[in-house]
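The form predicted on its own is given below as one chain in structure tokens.
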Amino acid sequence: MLNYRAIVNILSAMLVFLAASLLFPAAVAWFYQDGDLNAFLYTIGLTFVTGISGYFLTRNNGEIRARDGFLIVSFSWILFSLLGALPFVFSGHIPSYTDAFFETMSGFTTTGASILTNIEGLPHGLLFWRSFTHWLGGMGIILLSLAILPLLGVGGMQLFKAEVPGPTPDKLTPRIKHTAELLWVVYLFITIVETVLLKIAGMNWFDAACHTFGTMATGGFSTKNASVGQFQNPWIDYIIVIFMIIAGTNFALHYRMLRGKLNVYKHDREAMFFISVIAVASLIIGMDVWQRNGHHIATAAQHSIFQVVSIVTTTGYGTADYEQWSGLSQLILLLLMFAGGCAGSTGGGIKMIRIMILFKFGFNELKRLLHPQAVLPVRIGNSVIPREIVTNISGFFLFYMALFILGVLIMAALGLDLITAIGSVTATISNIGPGLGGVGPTDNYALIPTTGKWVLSFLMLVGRLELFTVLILFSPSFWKK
């Protein structure tokens, strides 16, 4: 039976944390005096009173079980988005609550899909909060995947294969607090380094911080209408590329590297596959853009590398309008949207390790046709992937594609053309932001119907929380005693 008292208690504590987090954009609003301070103060007051009241009314709540955990994880993101949207509404800059919720869910899920037509028209406090939601959501998903999901027994833990020198469920269970502290330190350290480098490269401190939040969380919210392309600075482009790759890689590897194990990336099969995909895709698209679009080879390389890394890490920053590129380049980018980053990263998508295992499993099944009695385990490097993990990944892929198809059908039924329907669903379920068609890199989601925005918000949540964490709530057996 669900322990509703414990669920409310923890969610209430989360709201107190949200209220504390809102103090940072409130300070920015106070500093710049753009007129949005009161919106933050009202939201902080409402959130804090709600959270602290619920917390003290539900103390002595008993033991938390796995079922309780699923509800807590899912509703944390929903509550954060419901209340985190209020500064946009109270300030009047996004008067529609649907639009404000969409923007905030996009922030916390590190999607980066926006309904704003004039980003630079927002006051500094709201711009900071918009990017800060990325940073909070990005760290949240790492802690979720490395520390929380193992306790719930979620199949997403197949992402941490035996050969990865890092956190595994059995290692994390007795010391979650210590693991969380280490990850926060790594995340904060890399954030500071990128912010300083972007300042040196030419950004002001405000833009550097906001773009770092979007990079580290692979979110993609920018303070500029033209995204990173506004700066027209190759140094900024390549700094962000490097840190997008870092953010799209397993953070457990970063921790071990900072501890002195410099070869940790070279020995990780998923990380090497990830880099190989980026290199091959960048080369093909770079050559294609150079030959067909008439760009200088250095410009073609710069734009192709940036867009490939931005898409495959599911960040969504832009320096070029890839919808002006050939069908070949757009198709490669579409496939990269599904792929996503590495396990244990802030990236979305299916994840590289799942794709590797699915391919290995597929090739093994072909071999089995010739050798029916052969024992053909799925291997990644020297490690054998247990059969139940392969089954779990197959189920994940099936649900992922089923949700994608259902989402496209719904969006098409709401009046979107096929390309826009495919682009919007892919970009939200994979937590990318910009897609294709009417939601491409130079467009936004403002024209999506109200119902469509709620559907896409749900897809953002499901994609960010690894599908099963949310979908299990729709199972009748979940609610049975």
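Note that the coordinates shown come from a computational prediction; the quantities given were computed from them, not determined experimentally. Residues carry their position along the shown sequence, with the first being 1.
Beyond the structure shown, there is the form predicted together with a further copy of the same chain, which is absent from this document and is the topic of what follows.
Distance criterion of 4.5 Å from any heavy atom to a further copy of the same chain in the predicted complex singles out G395 from the list G395, G381, G202, P377. L358 is the sole member of V185, L258, M272, L358 with a non-hydrogen atom lying within 4.5 angstroms of a further copy of the same chain in the predicted complex.
Heavy atoms of T391 reach within 4.5 Å of a further copy of the same chain in the predicted complex, making it an interface residue. Using a 4.5 Å cutoff between non-hydrogen atoms, L418 counts as a contact of a further copy of the same chain in the predicted complex. Using a 4.5 angstroms limit between non-hydrogen atoms, G121 is distant from a further copy of the same chain in the predicted complex. Under a 4.5 angstroms non-hydrogen atom cutoff, a further copy of the same chain in the predicted complex has A413 among its neighbouring residues. The candidate stretches are 326 to 334, 77 to 85, 109 to 117, 240 to 248, and the one lying within 4.5 Å of a further copy of the same chain in the predicted complex by heavy atoms is 326 to 334. Contact annotation for the candidate site: H93, E181 and I236 all lie away from a further copy of the same chain in the predicted complex (no heavy atom within 4.5 Å).
Residues of 48 to 64 placing a heavy atom within 4.5 Å of a further copy of the same chain in the predicted complex: none.
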